[in-house]
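The data below hold one chain only, encoded as structure tokens and taken in the form predicted alone.
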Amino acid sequence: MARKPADQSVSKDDIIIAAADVLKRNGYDATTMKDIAAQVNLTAASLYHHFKSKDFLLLAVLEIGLEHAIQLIEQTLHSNQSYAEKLREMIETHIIGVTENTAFGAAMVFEMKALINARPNGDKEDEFIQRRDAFFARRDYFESLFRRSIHAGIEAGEFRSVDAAIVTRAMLGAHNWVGVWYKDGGRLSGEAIAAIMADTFLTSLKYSAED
């Protein structure tokens, strides 16, 4: 089948989804724009019509995955539940989202170093750096939603005193790694995995009988 030229191209969202899949399969260094173009039956030239470089495409993959996660978690954070119930729902929501979009979760694990080291050539470097800085600011904001929830639970007496920043990063790292090892149709569903992990983290935060 002939590859599509730019004027018959697929949507940007389709390209980003394809890029996430190829990045998960090959890794950033081994992935080429030609690989991604082939995934959506485009010519490489057509792909450059949509994205200036592989660096910009990687950034788009990470941006769309992060924004989707933020939208889901913000809804839970503002609900009228106990802090333990709220955090449980936040954990489960994030993990289920990762199991439904494993390639985006895997990108958050494996491709952050590539994003940090990316240096696009030409007049687009400043644009890329500004977008990358904005992405990291949003990632910090996403982490803060969990950190604030843990702090609030400590202040309310629902959680024992812990280093909320360290616990949050351990928690989110575990969530994103689900995107690496989860297999659709495997022994456990995404919902079941999310429930187990939420139980594990909530148990570690709550007071024990000896406290």
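Numbering starts at 1 and follows the sequence shown. Since the structure is predicted, the reported quantities are computational estimates derived from the model, not experimental observations.
One more form of this protein should be noted, the form predicted in complex with another copy of the chain, which is absent from this view; the next part is about it.
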Counting only non-hydrogen atoms, the one stretch of 45 to 53, 161 to 169, 61 to 69, 148 to 156 within 4.5 angstroms of another copy of the chain in the predicted complex is 161 to 169
Counting non-hydrogen atoms within 4.5 angstroms of another copy of the chain in the predicted complex, say which of V109, A84, L77, I96 makes the cut. V109
Given that another copy of the chain is not shown alongside this chain, does I193 nevertheless sit within 4.5 Å of it in the predicted complex, heavy atom to heavy atom? yes
May I ask you to state whether S144 is within 4.5 Å of another copy of the chain in the predicted complex, using heavy atom distances? no
Considering non-hydrogen atoms and a 4.5 Å limit, does another copy of the chain approach K124 in the predicted complex? no
Answer with yes or no whether V10 is in contact with another copy of the chain in the predicted complex, where contact means some heavy atom within 4.5 Å. no
Residues in 176 to 191 that come within 4.5 Å of another copy of the chain in the predicted complex by at least one heavy atom, in order, are N176, W177, W181, R187, L188
